[in-house]
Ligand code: GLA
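This document starts with one chain, in the form predicted alone, laid out as structure tokens.
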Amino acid sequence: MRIGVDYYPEQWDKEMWQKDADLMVKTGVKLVRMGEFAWSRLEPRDGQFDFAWLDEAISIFARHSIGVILCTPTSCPPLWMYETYPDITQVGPDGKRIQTGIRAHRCLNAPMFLYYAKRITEQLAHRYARTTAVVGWQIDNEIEAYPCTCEVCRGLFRDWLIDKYDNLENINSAFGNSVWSGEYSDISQIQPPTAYPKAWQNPSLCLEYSRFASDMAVKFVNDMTMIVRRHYPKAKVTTNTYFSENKPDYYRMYELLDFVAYDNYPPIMLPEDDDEIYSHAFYLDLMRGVKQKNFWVMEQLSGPTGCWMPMSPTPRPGQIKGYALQAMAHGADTVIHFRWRTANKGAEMYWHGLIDHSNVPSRRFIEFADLCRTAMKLTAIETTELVSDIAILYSPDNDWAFGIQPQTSGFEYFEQLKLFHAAFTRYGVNVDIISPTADLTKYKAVIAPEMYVYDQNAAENIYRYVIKGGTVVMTNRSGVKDAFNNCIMEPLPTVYRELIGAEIVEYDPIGDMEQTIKDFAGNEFRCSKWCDIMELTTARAYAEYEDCFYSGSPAVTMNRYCSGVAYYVGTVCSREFYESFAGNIMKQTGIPRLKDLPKGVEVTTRTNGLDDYIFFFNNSEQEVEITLPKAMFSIIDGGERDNFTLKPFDMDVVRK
């Protein structure tokens, strides 16, 4: 298990590089990532390249046996490029070019930007692709599905639509353009979504533009990747991502890349509200599920954050180490901390790294050094992976579509995914978060929340899974839209109606109002946001509403279908319901569960097929006691033990 740091030699005097490398080796750093913002240093003028400084920096780390992750610097074109080719700048939804001066303002489709991006990537690949010290490549930095509306993007969007639909008549039909007299009579009339709220605009157009923008981001990443691989086919290539407003389709983004890389910034201050889910375990599992294999963290929390927002509080004792180990517990084989040194110039000077402006190693750095020592003890888990009995389905289409048309106050796509994830992980089980079209056969239970936009392959996949004996859980707002983001004219949940054995006769978008449901055992739970009012066909009621004019109507159902079982949750409940419900699902499907885990304790298991390694992480601010069912060997502290104490954000790993 490797620990690394983000390092910016172009921002520091050369005299510091050697000292930093010496301290890194002493600390236990195995990797440095560099170069993602250094284009102006690599090409200070058009066609004049300067790699001498980068050669020197790489050679210093090579002499210390520290591997280099080299980034292509295309996120930040030099100012001379913006000045010479102002049309490489993105155009916003309002039709105006966005202001430059920070980063990532280039249009990924602008011809001159692409010319220079390919050239600098070619230069770097030619020079470093076979350099043994360069152990991996990162394309660009935190690429989004940018909603650029420049003339180039408009033209490409029109071509993209014609390729998909063949002609304007089919586009008009799919988009329902007879509404508001919006029918296209010429291809030039096709325009991207405007600066109006998306909910006011054509939902089909908006969804297709999200798909298009994602495709363009994927194409850019793939094009740059192919340049690197032409010079060295065995090069390990990735790009880093985070959960931005304009999320691309991660499944397609990483399809041709070697591994997923994620930028992980867990919350420093834990919420007081017990219903609020704060753990980044959900995002870590989603990242692992993109390629269904282990991943890297390319940026990890190192100190108070502050640039895009006011400064946050400083990480509490244990969080630097604990959150890095949490990432490993969920499948990260490498964790790289942002950053080695806190910048003393520029906008990110308050997005703190491990060494502060004082230039004196602090409490956080000492904790980081302890993390490096701990990581060296985890060699036994380097060949392990997470094997899960439970999967949650995440769909980019559904994510985009809910962003286009908010359903009701407080209703968000990710909420129900997180609620189910938190409920199952509360019992100490691994959970995969995967594509709706992925292979489901290995799972004992599949959670399919809010299958909002119809995808034939996904629907058939879910049906096949249940027919062959699987257990699926579906929720409200499923089967609502067709593939074009238009409402389906059938009783909800339309294509899934037969599967769940019930029909939705009406729904009540109650928003922030609270109501009550009662399950078959007489337990009462709060619900809000949304209430599907159902009539049963072949299903049975698992829980019923207690309030409003639909009191006594089913709120949650269970239906036996062929050899399997389908549940349907028609509302959004408090966390207590999901924990109770998840416990029953696990009992019915034979999934082992840990009971009575202290609040905030997260348990995951990594295996190599012979040995299982169980991670116990205390993601809380209280000290907790853990009692094991039998004596197990701790690979962190050594020795057999049948119980142990975890301080806040502390972790232990035992071999089962």
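Just so it is clear, the model here is predicted, and its values are computed rather than measured. Sequential numbering from 1, following the sequence displayed.
Although not depicted, the form predicted in complex with the ligand is the subject of the following passage.
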| property | result |
| --- | --- |
| Position in contact with the ligand when the complex is considered in the predicted bound form, options 333, 544, 263, 503, heavy atoms within 4.5 Å | 263 |
| Sole residue of 351, 414, 157, 116 within 4.5 Å of the ligand in the predicted bound form, by heavy atom | 351 |
| Partner-proximal stretch of 159-167, 135-143, 517-525, 252-260 relative to the ligand in the predicted bound form, 4.5 angstroms, heavy atom | 135-143 |
| The ligand contact at residue 180 in the predicted bound form, heavy atom, 4.5 Å | no |
| Exercise: residue 319 in contact with the ligand in the predicted bound form, heavy atom 4.5 Å | no |
| 4.5 Å heavy atom contact, residue 103 to the ligand in the predicted bound form | yes |
| Contact label in the predicted bound form: residue 149 to the ligand, heavy atom within 4.5 Å | no |
| Within 4.5 Å of the ligand in the predicted bound form: residues from 14-39 (heavy atom criterion) | 37 |
